[in-house]
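Here you get one chain, nothing else, as structure tokens; it is the form predicted alone.
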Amino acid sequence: MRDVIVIGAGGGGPVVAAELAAKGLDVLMLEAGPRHAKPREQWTHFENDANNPLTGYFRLGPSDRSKPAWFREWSQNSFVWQVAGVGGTTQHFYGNYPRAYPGVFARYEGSDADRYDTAHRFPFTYSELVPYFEWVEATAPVQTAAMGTKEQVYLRGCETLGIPVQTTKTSYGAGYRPQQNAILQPGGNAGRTTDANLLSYPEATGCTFCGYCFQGCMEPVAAPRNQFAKRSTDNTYVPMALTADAWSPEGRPAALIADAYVTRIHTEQREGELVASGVTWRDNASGSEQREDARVVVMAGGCTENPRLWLNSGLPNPNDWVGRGYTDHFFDWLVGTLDEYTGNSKGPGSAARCDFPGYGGLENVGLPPALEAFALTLSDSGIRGRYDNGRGPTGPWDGQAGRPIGPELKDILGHGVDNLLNVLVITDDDVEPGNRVVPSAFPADEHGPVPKVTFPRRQRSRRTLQNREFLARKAAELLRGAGAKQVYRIDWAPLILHVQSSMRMGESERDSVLDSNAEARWVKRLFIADNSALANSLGGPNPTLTAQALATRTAERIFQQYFGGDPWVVDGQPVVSTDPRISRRLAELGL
């Protein structure tokens, strides 16, 4: 019997695995997708090769790309961007690590308290999570993003908004700043040359400004895995978990099995309580099934897969909130065309932002050509000025919102991808019970009934819609201030990237699945440690840091509650070991 089984090796699962393996527990990670152990042999910079949802290496599917992707149903105009594999969506994310806004936590009493989703707050205070934020920020590491030309142009636009420069990691009011991100700063030749011959490790370290973050980071050339620039979990927490004995005096290496799709969570009755006791998983290559038992089971398969596994396992759902509250950030996208070089396709994907607590935020996002074309054409308003019959939103952008097609799209891209400036609207979205994961009516696959994501636009609250409009107008103002000659608002259809809260923790048993320790309310020894555990949309900030801070806290609670361990945070301060072996190993890992 294992001590802990972690289902999923994406953004959250490896955090729990690494922390508990460092304490000497026997930990097994099971990942449904592949492990890309040699990125330079397995990945490319070709956008379709990486991101095609049916055939790309970042699709939702097994290692064998000749086999079909796993089907997921979404009936509305939307795109659910799921990634299978060790590292999960952190493989293609932009490394942005802002903290959640304090207003989404219990007992917040700021002057803007009523601007948030007050019905669905975290069941503890912001200050309680701060030590865990700091823990993750030190581990990744999180630091001020590297700046390039597009950030210079973006920040020039921010200066015209009448808001101050933000100088703290915690957002207490509107402000603009460089991102806090988990991408190593460029060193040596990196960021100083485009000559590929000069951009190999160790002559170049950290971010090389290649611009291909979304295809997975494998830079610099010849760098060891722990020195890849982008700190996705396959470069940080996974190797930490697998080498826990080398850097922790009590550590025991975790085990990892990829292509291992968990199909069932097992439970049993103990002293009148339902208790998680193990899992059954299926080998994607052979089709064989195997059962593993454990003292604790941690679900970290993501916001769509966790509800599916729960429901397919027949676990209790007395308040019908399993899969509900499937919350994103109701993105929108605005693009400005400039008569100057912006370097849109170069450097870290997103390295500057504006925060508007109570509304959400705005990020600069740089894209290579194919993804830029995708971003310009994902719309809920039809073709600009054509078959939408004038229904596209109007405002301080040019014409009506919608997708540019044909000659107009050709004209925008022909202007030069490196003369564009993109602004991503990240809306603070209310938790809506009607946004949910349910079993699909389509036939089951080899793993059981497939999930259907129901995410109708009409379920957005009035506050959410107002937030989005406020931010879209701010984005247009920013682009004009940066020097854009034309500003296009796309009115994006739901792009489900920053999804969270489908197995939410909460203050009330009426509308949450998890208690304040992230343990399932109706199944003991079953925890959740990824975005689906988050109580809300964080006020708008990107979710990775908060999910990993919460996963660190969850690992601590597991260790205390079921393995008799001491707390890792006392009186708000992390308990840090001074053992020199830990410091030496962390230095070797580049952490």
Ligand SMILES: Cc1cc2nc3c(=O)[nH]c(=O)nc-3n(C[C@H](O)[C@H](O)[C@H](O)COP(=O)(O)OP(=O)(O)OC[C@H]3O[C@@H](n4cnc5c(N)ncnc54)[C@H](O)[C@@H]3O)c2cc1C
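Residue numbers here begin at 1 and follow the sequence given. Since this is a predicted model, take the numbers as computed values, not measurements.
What comes next is about the form predicted in complex with this ligand, which does not appear here.
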item	value
Listed residue that, although this ligand is not shown, lies within 4.5 Å of it in the model of the complex (heavy atoms), from 103, 323, 95, 336	95
Proximity to this ligand in the model of the complex, single hit among 199, 218, 309, 482 (heavy atom within 4.5 Å)	309
4.5 Å heavy atom contact with this ligand in the model of the complex for all of 89, 497 and 544	yes
Answer range among 38 to 46, 519 to 527, 23 to 31, 552 to 560 for contact with this ligand, defined in the model of the complex as heavy atoms within 4.5 Å	23 to 31
Residue contact check: residue 360 to this ligand in the model of the complex, 4.5 Å heavy atom	no
Heavy atom of residue 7 within 4.5 Å of this ligand in the model of the complex	yes
Exercise: residue 130 in contact with this ligand in the model of the complex, heavy atom 4.5 Å	no
Contact test in the model of the complex: residue 348 vs this ligand, heavy atoms, 4.5 Å	no
Residues from 258 to 276 in contact with this ligand (non-hydrogen atom within 4.5 Å) in the model of the complex	260, 261, 262
